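Have a look below at one chain only, the form predicted on its own, in C-alpha cells format.
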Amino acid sequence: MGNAYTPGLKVVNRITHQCRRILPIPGKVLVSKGDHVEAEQVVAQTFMPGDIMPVNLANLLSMPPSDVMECVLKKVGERIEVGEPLAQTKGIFGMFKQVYKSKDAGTIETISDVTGQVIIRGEPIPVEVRAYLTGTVTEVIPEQGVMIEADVSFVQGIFGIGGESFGTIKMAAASHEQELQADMITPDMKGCVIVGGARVWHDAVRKAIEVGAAAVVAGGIDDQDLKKILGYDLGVAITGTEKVGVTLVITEGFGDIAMAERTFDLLKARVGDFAAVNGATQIRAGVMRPEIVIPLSEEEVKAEEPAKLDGGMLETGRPVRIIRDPYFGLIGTVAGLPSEPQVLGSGSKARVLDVKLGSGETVVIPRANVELIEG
C-alpha cells in the first residue's frame, strides 16, 4: 500500500527556515550575500510614484482650456510648492489679473490645452522591505530583494490577522487551557508578543492594542469576537493587511479551543526572547499560514537537534488536528489507517483514518478532514 500524506502545521523547537524578501517594484538592495541581518533591518528599498493631484485651471480661472498653456507659470518637470503661484491670467489691459496658488506640492507632470487641467505628481512614496528573519543573507536578487536563512523555533497558526510585527515573548496565561481576558493584559506588555492559552476575547485584544502590544497569540477565537475587533465580517480568503493596531495569531481554530500543549510549552520556554510574527493567512491556492519565528542563538543551535520533517506523511502515532465538524479543533493521534475507502454518514465513500482523542475516544475521520502537527 502507498503512503498517505496530509498538509500539516509546523510546531518545532529548531528548523532551518528560509525567507524571501522582495520589493513590489525594482529598487535597491542594501545588503550583500553572507551579511548577517537583524529582523527589523531594512534590506531593500524603492520609491513608488506619488499621488496624482489634478488641477482644473480652466474652471478655476474661468477660461477656455486652450488658453491654459499661456497662463501656467511652470513647465512640465518643474517643482511647485504649496502657496506658490501656478498660473496667472492676463487680465484686462494688464489689470485685474487672477492668480492661482497651488494647494499641493509636487512636480508638474502634464499640462493639457484640451481639458484645461494641470496634473501635479506628489512626493515619491518610500517602500522599505525589512529582513523579518534574523539570519544570514544567502542570495541577493539584483534590484528585487534577498533570501535569508536562519535556525529558528517555528510555530504556524491556523488563522491570523495583521501584518508583520516584532517583540519579546511574554506569557499572559498560566496554562494552555486558560482563556485570555482583558484583565490579564498589563502595561508592561507594551511591544511584546502576548501568549494566551485558550479562547481570546475581543476586549483582551482591545486592551493589547491600548497598551501597545506587538502581537497576541491564542488557541481560539469566536467569530463574533473577530467581528468586534475588525468592525466587519471577514469574508476574504486572504488576510494580513488589516490595520487594527496589533497582529493576531490563532493556533487552533474558531471557538473555545485550548492551545495545543506542545505549542504553549514551546512558547513558554522562549519567554523573553525576540520573535517575528506575521498574521497573514491564505486559505485557498498557495496556502499561507500565520507564524511565529524565534531566532536561535549559536549556543541553542548547538544544543538543539533539528526537527526531522517528513513532508506530511501520516503514520500511526502521529499527532493530528481535526479541521472539520463535528470534531473541529480537537487534537489526537493517528490510531489506524484503513486501506479501503469506507462509507461515511453522508453516504459517500472516502479514505479514512482512526484518530484517538485526548479523552481516550477513538473516532473515524476522513483523511481530508485532518492536518498533521509537524515537529
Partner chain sequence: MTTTTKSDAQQARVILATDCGSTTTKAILIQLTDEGYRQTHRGEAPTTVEEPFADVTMGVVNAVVEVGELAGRKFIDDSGKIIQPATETEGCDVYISTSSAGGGLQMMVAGVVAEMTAASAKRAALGAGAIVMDVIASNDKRKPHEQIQRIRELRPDMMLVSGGTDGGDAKHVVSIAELIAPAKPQPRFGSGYTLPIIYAGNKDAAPRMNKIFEQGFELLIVDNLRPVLERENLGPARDAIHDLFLEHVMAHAPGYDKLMGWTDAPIMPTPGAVGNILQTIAESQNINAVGVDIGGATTDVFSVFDKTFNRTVSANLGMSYSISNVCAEATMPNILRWVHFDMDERELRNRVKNKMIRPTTIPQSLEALVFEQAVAREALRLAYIQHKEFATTLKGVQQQRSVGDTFSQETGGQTIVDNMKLNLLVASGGVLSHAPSMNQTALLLIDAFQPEGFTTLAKDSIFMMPHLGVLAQVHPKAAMEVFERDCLIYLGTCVAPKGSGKPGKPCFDYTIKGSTLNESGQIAFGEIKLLPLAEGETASVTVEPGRTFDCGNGPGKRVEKTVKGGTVGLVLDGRGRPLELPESREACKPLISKWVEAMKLYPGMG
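All values derive from a computational prediction rather than experimental measurement. Residue numbers count along the first chain shown, from 1.
The discussion below concerns the form predicted together with its partner chain, not included here.
Of the candidate stretches 266-274, 104-112, 165-173, 145-153, only 104-112 contains residues with a heavy atom within 4.5 Å of its partner chain in the model of the complex. Although the partner is absent from this view, residue 183 stays clear of its partner chain in the model of the complex, with no non-hydrogen atom inside 4.5 angstroms.
Proximity of residue 132 to its partner chain in the model of the complex falls outside the 4.5 Å heavy atom cutoff.
Contact check for residue 244: no non-hydrogen atom falls within 4.5 Å of its partner chain in the model of the complex. Among heavy atoms of residue 30, none comes within 4.5 Å of its partner chain in the model of the complex. Only one of 346, 316, 339, 66 comes within 4.5 Å of its partner chain in the model of the complex through a heavy atom, and that residue is 346. The candidate site formed by 50, 221 and 326 is fully in contact with its partner chain in the model of the complex, as each residue has a non-hydrogen atom within 4.5 angstroms of it.
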